[in-house]
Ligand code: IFM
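This document opens with one chain alone, in structure tokens, the form predicted alone.
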């Protein structure tokens, strides 16, 4: 098995939407789904650029499917190459994770008997973020006139989960200059200008004609090449994108054309890209010996994270489906801070800082949301896009009956995300020792979210305690619950950490402390309220140490999940939304997630008690894709490596094997990021504190060696764990 290559050995039209997702390529500025250059019926073609959003019905805003750079049609003696006609003699596709190059090899016979071997190779350059490269080789079996049409499609369609098809781009102009082609378009609502430029060269073969077809919205170069029997001809297509997020509106086309000039040929661009990827993998790669499937699948998940990571832009976040599909419309959730960010904190702190800066930049929007809801401080939106406003849809068609609408409550009452963001900021500081960032930005994030939690706390006079009622915890099978343990405890942590941060500032950056105290109104009375909330926060638990998922959880109906097997649907689909809400079945166990995040606060005995209680009550296979990686870590902590591996492999396979049947919507970003945590913090047993780091390995029985790298306070550490007898 090639442990660096994702391969497809045959052509199966029924799985193409899934394959489009897993063969996504990108470079952190943009990503392109793994659709075919020549097109295929009902494909979901998409290139997404970070931060390029536009308005959309129901879902408020979405990443706008950018003008398509892929179109490349091939005609053999007048017959168009297409996989839905003629005969596919052989087919293979491979994504090289080492360098992000996607290769497709096809032997095809036309309806009239023309046969050719065709090879497509493409990549988005990691060395030049605005540039994309495509190389096509055609070897006809018989002497042929080969006609190719390479273009830019300025009217791409965005496909919604409800079947709607949206167009986001208003054509502004196009043309040809010095043999190159350009296109200019503008989003209808967000007023983002885009310039795309294209160059096509014949690098092998006898080109006999070339034309520019000035088709509105689809500027095209048409080339004719004569080839003898068995003679290979080769074409190179280079494309560049610039938007008004990068440069002034008036310069987008000029910059795109200049970008083409900077890249003379495929070979030099390929080498620069390969060098950039080598540097990336030297920071990020994890070596697993004794388990080839886990090794390849983990690298695939890491690759998907790396091609979605913004290296040069701190105005964007990573959406729940990365840049790989239409699911969740490019919106960012807590998925980034809790599941994806740790990978970058420990392997690429510069990327982690960009992602945290995105939240800092949008603090004013979080303050506006809190104020709109009647609170002080910063309340971050459940779903966030470019402005930081709440973009969670209020109503969506019911998954079981599209003629009915269901109310989406997460944007209103799933409030734990504010503490999740504060937690991520603190974790970044602990791991990196980046005091400059903490002083300039991180402290304000932590303090203003704490301010929200104190304002949102509800005083229960009868029981003399503070509560958070009518909420949704991370477990979204249960809505409108009171005192979700995860929410209450992390709010308490946020408040206490705010005190610790303020004390640290007063000692190490007193000027900044005074400035924040004045600007955020952190007077004595407000801080006294914080102390009171911390001391009197209600944390529902039993005397034996069992933490309650939420206040009346034990009054819900207990369900024997084993009795429902075998099944191919989630428990929520089985019982319905309302029915599931009345059971104890969890989409994911909030209590175990909390014990992972605040692991120094719980004894091993208490962790085991809660693990044993909540594990059989969790919908592991068809619930949340976020759960298995954390469940694997907690299984490691209670000494159950076989259980840990079962959950880990489920997370690893989420997209490669489409285990939930929805990978066509895009990569499960949280699951991908969580697999790295499962290996490093679970099987590797890494523990990091302000005082240093340690490991307590718990390798699966068949692993012989594990090696990973991470940064601690600016220094790269290398951990190598060899199994007993290895």
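Numbering follows the first chain given and starts at 1. Source: prediction; values computed, not measured.
One more form of this protein exists, namely the form predicted together with this ligand; it is left out here, but the text below deals with it.
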| property | result |
| --- | --- |
| Options 256-264, 329-337, 643-651, 369-377; stretch whose heavy atom lies within 4.5 Å of this ligand in the model of the complex | 329-337 |
| Distance check, residue 412 to this ligand in the model of the complex, heavy atom within 4.5 Å | no |
| Proximity of residue 343 to this ligand in the model of the complex, heavy atoms at 4.5 Å | no |
| Non-hydrogen atom contact residue 626 with this ligand in the model of the complex at 4.5 angstroms | yes |
| Contact flag, residue 588 vs this ligand in the model of the complex, heavy atom cut 4.5 Å | yes |
| Among the candidates 196, 320, 632, 450, the residue which, in the model of the complex, approaches this ligand to within 4.5 Å (heavy atoms) | 320 |
| Selected contact from 476, 92, 314, 285, since only one has a non-hydrogen atom within 4.5 angstroms of this ligand in the model of the complex | 476 |
| In the model of the complex, residues of 375-393 near this ligand [heavy atom within 4.5 Å] | 382 |
